[in-house]
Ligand SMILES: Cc1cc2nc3c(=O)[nH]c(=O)nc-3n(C[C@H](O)[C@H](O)[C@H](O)COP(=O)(O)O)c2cc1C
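Take a look at this one chain, the form predicted on its own, written out in structure tokens.
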């Protein structure tokens, strides 16, 4: 199992992997990652995250349920992106989509091909492990940021173990279905899902990296030499 020894290496290696090998991940490793990530910071040490992990037969049953109700989408409980996205955010979102489909040679006019690729979200891109993160409905944006820090910590720890991930806000439109399957309490809402497994290095969709805006576009430094 590959080990990445520095945080910098893990940050550079991490990406949203969209093609996984079917090889299972040992339950002990999954628990280790989930538990170790709880060292992530949270305001007031609230630790507001709740995590559910699926693999094997439970994951197969969940995917079969989703396949049977793929078009039965719910009204999302939050906006994944702000309405009427502005610049430069709008261009960044557009560009990452174009780069993704370009890596698969799916042109813009191939609507079916793009839809089929998008639908692979429902299969967790072939990953053998699925994670779901929920939070109490009375929690607000500060606690949502806590969950984000938890998820990022988990993703970097996964890279350290030679694994990869793909965070999926795709699941925000299947909140009721997921609530029922996981038996989440009514006072909790789903935040997102995450695919976890071994990267398929030969898959074209994993052969590109999303762009990053130049430093001067989003950061300033004052008082330094």
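Residue numbers count along the first chain shown, from 1. These numbers were taken from a predicted model, which means no experiment stands behind them.
Beyond what is shown, the protein has a form predicted together with the ligand; the following relates to that form.
Looking at the ligand in the predicted bound form, residues 96, 121 and 169 each place a heavy atom within 4.5 Å of it. Only one segment in the set 56-64, 169-177, 34-42, 182-190 has residues whose heavy atoms sit within 4.5 Å of the ligand in the predicted bound form; it is 169-177.
For the chain shown alone, residue 16 is a contact residue for the ligand in the predicted bound form, at least one non-hydrogen atom being within 4.5 angstroms. In the predicted bound form, at least one heavy atom of residue 125 sits within 4.5 Å of the ligand.
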